[in-house]
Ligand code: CAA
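Just one chain is shown here, as structure tokens, and it is the form predicted alone.
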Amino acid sequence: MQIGIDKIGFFAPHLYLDMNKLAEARNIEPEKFTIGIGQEKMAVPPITQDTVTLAANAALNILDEEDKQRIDFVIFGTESGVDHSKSAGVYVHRLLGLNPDARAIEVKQACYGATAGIQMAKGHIALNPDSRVLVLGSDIARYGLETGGEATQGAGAVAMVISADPKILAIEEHHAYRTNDIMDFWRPIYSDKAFVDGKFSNEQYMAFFENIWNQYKEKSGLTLGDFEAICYHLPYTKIGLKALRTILTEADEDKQERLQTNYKASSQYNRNVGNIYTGSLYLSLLSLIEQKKDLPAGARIGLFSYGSGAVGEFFSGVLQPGFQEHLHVQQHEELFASRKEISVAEYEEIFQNTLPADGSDIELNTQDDPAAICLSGVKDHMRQYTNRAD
């Protein structure tokens, strides 16, 4: 029985900041952002969007009534959840009107959470072949104004339906993974902003990739020449390219050119959204299969997942016959086209406009937010959500 991604979609806030303008405001050469780290635009979430609403909006656009009845497990990967106790998956379960006879949990390990969710989903479906599992990767990357990590912020979510006999990508059996207790990136409970040792984190990302890639080749018997493309976790798009270049000499020149061309296609969405932590790898996969129109069915796609702290994994999947017919390309094109550019001053104001730290009641104006699902306020320490699609 094959198990994998049956449906996939994403959502990003309707506001963005041009990275050239951020660079100018910070007295930095724009090429350091657009070329040095490979970012063009940064998605900026208004106060009416949090990790719950981002994920719910991403899933809303891909689920039909059959999915809502057959999904019996919601796995929400995030490192910027909204409650230390209640799973973000429970909120999404209600907002989407899913079958109540279901499990709903939240999984955390930095940017690795959604990958862990997929592996859990595979086990569940192996035991329950008629089930469908909704896996969500949703985050808001916050480092702070005028910090070293500011240019690698972003916001968004990817939603995936995992099932038997998937229509898009069948996940293969071989996996390689690694854990090491390091402090390259972390966010203590008391902070709404992340801390990062950028140089160390980059070094660990590359070291993990080298180790896991070699493990994977040994376990699977596959070589670089067996892959049509490799998608990477992309906190910024340049780092995945650097990792790919470390192994390119393992393939012939034609394959090297194809891998680099496909990498460029896989990074387009991330380049224009920014870092979305748990969803970043799967945004890269989505960018590849929607932007590269000539990908053949049967092509093998590699996936490298990395979550600081640190856990990494490499696995692969095979594109299914007719997979293009099950994508939502037009919907995603419209999402990008409808976004509104904001100024640096507006971005800074939005960044600092946060919910009361003491849990005080607040009612939010959702009229300026075009998303179907929004955060409308806080009452008696409870977040209030609205779904205007109901």
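All residue numbers refer to positions in the sequence shown, first residue = 1. As the structure is a prediction and not an experimental result, all values here were calculated from the model.
What comes next is about the form predicted in complex with ligand CAA, which is not displayed.
Undergrad: Is the gap between G154 and ligand CAA in the model of the complex 4.5 Å or less for some heavy atom pair?
TA: So G154 does not count as contacting ligand CAA.
Undergrad: Does Y306 reach ligand CAA in the model of the complex, with heavy atoms at most 4.5 Å apart?
TA: Taking the distances in the model of the complex, the answer for Y306 is yes, it comes within 4.5 Å of ligand CAA.
Undergrad: Is there a heavy atom of G359 no more than 4.5 Å from a heavy atom of ligand CAA in the model of the complex?
TA: No, G359 stays farther than 4.5 Å from ligand CAA in the model of the complex.
Undergrad: Is E66 part of the interface with ligand CAA in the model of the complex - any heavy atom within 4.5 Å?
TA: Residue-level check for E66: no, no contact with ligand CAA.
Undergrad: In the model of the complex, does every one of E31, S201 and Y205 come within 4.5 Å of ligand CAA, counting any heavy atom?
TA: Heavy-atom distance to ligand CAA in the model of the complex: all three under 4.5 Å.
Undergrad: Which among 234-242, 265-273, 251-259, 212-220 is in contact with ligand CAA in the model of the complex, heavy atoms within 4.5 angstroms?
TA: Of the options, only 234-242 has residues within 4.5 Å of the partner.
Undergrad: Just give me the single entry in M120, V196, L295, L95 that has a non-hydrogen atom within 4.5 angstroms of ligand CAA in the model of the complex.
TA: Of the candidates M120, V196, L295, L95, V196 is the one lying within 4.5 Å of ligand CAA in the model of the complex.
Undergrad: Though ligand CAA is not shown, can you say which of F185, F73, Y282, F314 has a heavy atom within 4.5 Å of it in the model of the complex?
TA: Exactly one residue meets the criterion: F185.
Undergrad: What residues, if any, in 130-166 have a non-hydrogen atom within 4.5 angstroms of ligand CAA in the model of the complex?
TA: Stretch hits, in order: Y143, G148, G149, T152.
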